[in-house]
Each structure stands twice: as structure tokens, then as C-alpha cells.
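Just the one chain here, laid out as C-alpha cells, in the form predicted on its own.
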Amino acid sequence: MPFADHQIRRVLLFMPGDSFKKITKGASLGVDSIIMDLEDGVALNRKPEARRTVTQALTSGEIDFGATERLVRVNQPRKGMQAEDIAATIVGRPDGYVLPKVESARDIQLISHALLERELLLGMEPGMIKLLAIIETARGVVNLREIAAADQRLVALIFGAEDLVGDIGAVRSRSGAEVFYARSAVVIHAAAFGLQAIDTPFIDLDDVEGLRVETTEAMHMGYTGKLAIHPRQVAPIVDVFTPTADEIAAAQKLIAAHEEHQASGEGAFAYEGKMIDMPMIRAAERVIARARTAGII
């Protein structure tokens, strides 16, 4: 049986797998998850070095990850390096693997089967290593239903806008209109299958306000977290996905009022000048759920 997934993933920070110094820095920030990258963040001729560095980070005891989830992004299936990536790093018992360019259920199932064999060889609890799938191609978007239901190890769907834009021949815009359908489809399928939904990274490192705006949009869409590509992006993302004390108090008051009116046999009711019905109660419940996820109530 796989482990139940209770990991908070408001922000997942990428760090290049070939830099022990940067992995150490990322681990020191107390982020929810750190992704040690073997794919795009590493030059082709440094892949072997990156595997050794990630394995050292996981096994040497030199890095204190604390409560931070330790994830490894492997290379995409077409490059034929995933087996090497896993064979080299699984001895470090990472918490999970991030799979890029997932286009079918089989992409996940093959990795899951390979992980099971190695878990048994290493005396690990079968199913303990989790999988997070990045959806960043047209084929991945159209196959979302089968991907989301592919395997019990799968805990999250991650949206990758930049690669998707290239795959479909679109032009990236600030409004994001060209990826709105796919961005919505990822979060809807995640919700339908009980998975977390992680939003695409914001690539302009100097535009903090733009990052906040895009992260707020993602949260309003139903995303539970966002990728970060630089330590300076961590705090703004965490701030957006963590409700304020005022938001929590308002949600609690609304829910209490709803329960009181339900007990007296009323459905919709007037509250602070507004007519309240179930969609507004569910929105308040989501605020409380985010607060509990963040560990503040």
C-alpha cells in the first residue's frame, strides 16, 4: 500500500543537480519542497556529475533538509536517461521523483514499476517513493484523464507553460491566454482525481509584483502551489498560498453563521449585506483548508 500523502507543497524550488552549494542553499531556506534537477538545469556533458552530486546531497549527511521534501527531477523519457537517473539516486531514498513531459499513463507506470523493483532490493517500504508529473506538451494535455489515474504513487500534476508554448507553436504573452485552456485542464483533472495541482514557474526574476499576480491567479484557479526557479521567489509564493489572520477569521465566522442557520432550517441567508449560499461557504472552507495545509490552524 502506498503512503498517504500529507505533504504541504505551496512552493517547490528548483536547484541545479550539479551544484552542491546551491542544493545546500535551497535546503537552508525551509521551503516545502526542493527539486534537485537532472534535466533542464544541467548541461548534457554534466549529467553524470549531477547524478553524483544529488546522490551525495541525499546520502552524505552534509545537508540538513529538515522538513523539506527532497525531490529529484529526472530527464525526459525520449532522452533515454531516466533509468540511469533513478539507479544513481535512489540509494539516497528521495521522497519522490518529478517526471518531465509526461504524455501518457505508461510514462508513469514504467517508472513506478522500476521504483518498486529497487525499493524491494534496497529493503524500502514498497510504494513509499512518490511521483509528480509535469504536463508540458499537447499530448500530455489531451491525455490528462489517463495520466491523472495512472498510478497510486502519483500525488501531483504540475503545469509547465513554457515548454507547452513551444510544443504547440504559440507565442508566450503576459496575459497567458495561449495556455489558459491547458492551465485550467491541469487543475481540473488534479481536483477530479484527488491530486495536488502545482502551477508553472514565473520566469522574470526581477518582477516580484508580476510573480504575486500570477501566483494569486493560480490560487484562485484552484492550484495548491507553484514552482520557483530562484530563492527570491519563495517568500512571495508562500505569502499568496498562506491565508492571512483576517481571511481565516472571516472564513470561520461565515462558516459558523452558516451552521447556525442550517440548524434553524434555513438554507441561503443574509450576512453582512450579502446573500450567502453554498458556493460562498465552500470558498470559506477552502480558506480554512489552505490554513490547515500551511499548519497555522
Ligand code: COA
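From 1 onward, residues are counted along the sequence shown. None of the values given here were measured: they were computed from a predicted structure.
Below, we turn to the form predicted together with the ligand, even though it does not appear here.
Review point. Does any heavy atom of residue 235 come within 4.5 Å of a heavy atom of the ligand in the predicted bound form?
Key: No, residue 235 is distant from the partner.
Considering non-hydrogen atoms and a 4.5 Å limit, does the ligand approach residue 243 in the predicted bound form? Close contact is absent here: in the predicted bound form, residue 243 is far from the ligand, nothing within 4.5 Å, heavy atoms only.
Checklist entry - Does residue 30 reach the ligand in the predicted bound form if we count a contact as any heavy atom within 4.5 Å? => result No, residue 30 sits far enough from the ligand in the predicted bound form that none of its heavy atoms falls within 4.5 Å.
Contact flag, residue 25 vs the ligand in the predicted bound form, heavy atom cut 4.5 Å: Answer yes; at least one heavy atom of residue 25 falls within 4.5 Å of the ligand in the predicted bound form.
Candidate from 177, 205, 120, 171 lying within 4.5 Å of the ligand in the predicted bound form - any heavy atom: That would be 205.
| query | Considering 261, 253, 52, 230, which brings a non-hydrogen atom within 4.5 Å of the ligand in the predicted bound form? | reply | If I apply the 4.5 Å criterion carefully, the residue I get is 230.
- Task: Choose one stretch from 261-269, 235-243, 34-42, 58-66: the one whose residues place a heavy atom within 4.5 angstroms of the ligand in the predicted bound form.
- Result: It is 34-42 that comes within 4.5 Å of the partner.
Practice item. Between 102-134 and the ligand in the predicted bound form, list the residues on our side with a heavy atom within 4.5 Å. Key: Residues within 4.5 Å: none in this stretch.
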